[in-house]
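Take a look at this single chain, the form predicted alone, given in structure tokens.
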């Protein structure tokens, strides 16, 4: 896709400081979008915005803080004219056995993965409704299949899937809703796991079977590039050698 095919289109991407978020920002910028990069780590998104160019802006915002999201939405409106695409990518994968020792990890995942996406969408929805837009929600294979040690993470992703389907129906016909469900992706998520034994097991899995963040970003860009009369509502992707 060339720049002329997306004149003035604006994409807001949460969790844009690394991984799928950063890769998606690059992919959409290459497709002619002006991108607003939202993340907590301001230094990273400022560097990414400078590297991307083309009117990209960096906005420090935590998706668990509604006041920061409101301020971010105002900046996007004032500086870029509004939002055409929202990519809800921010999240955490703090796996481990279900116990009180990981209580804070569970709370972090619920607030970031599920409530963060819901709140971000609520705050940006009026902008998306101006002429129609796209919402892309990052779920996971874990939104379809739960296993030992990922119960709360899976619960957040199952929640994303259910909420997205309801949202899809409610926002017809003007706004398209797409859910992306990746398997193992080469990102920094495993390094954040606080349970040592779980982190070692998961890192071993990631060392064997992964797709690149850029692969997921290409899929997102492809879904967004479809003509407005067509929507790819749900996309499941895995490394070719991932079993579950």
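Predicted, not measured: the structure shown is a model, and the values here were computed from it. Residue numbers count along the first chain shown, from 1.
There is another form of this protein, the form predicted together with a small molecule, and it is not shown here; the text below is about that form.
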message: Taking the small molecule as it sits in the predicted complex, is residue 12 near enough to touch it, meaning that at least one heavy atom pair lies within 4.5 angstroms?
response: no
- prompt: Can any non-hydrogen atom of residue 37 be found within 4.5 angstroms of the small molecule in the predicted complex?
  reply: no
message: Can you tell me whether residue 62 touches the small molecule? I mean in the predicted complex, with a 4.5 angstroms heavy atom cut-off.
response: yes
- prompt: Looking in the predicted complex, any heavy atom of residue 196 within 4.5 Å of the small molecule?
  reply: no
task: Determine which one of 121 to 129, 134 to 142, 74 to 82, 168 to 176 lies within 4.5 Å of the small molecule in the predicted complex, judging by heavy atom distances; exactly one does.
output: 134 to 142
statement: Note: exactly one of 219, 58, 29, 189 sits with a heavy atom within 4.5 Å of the small molecule in the predicted complex, namely 189
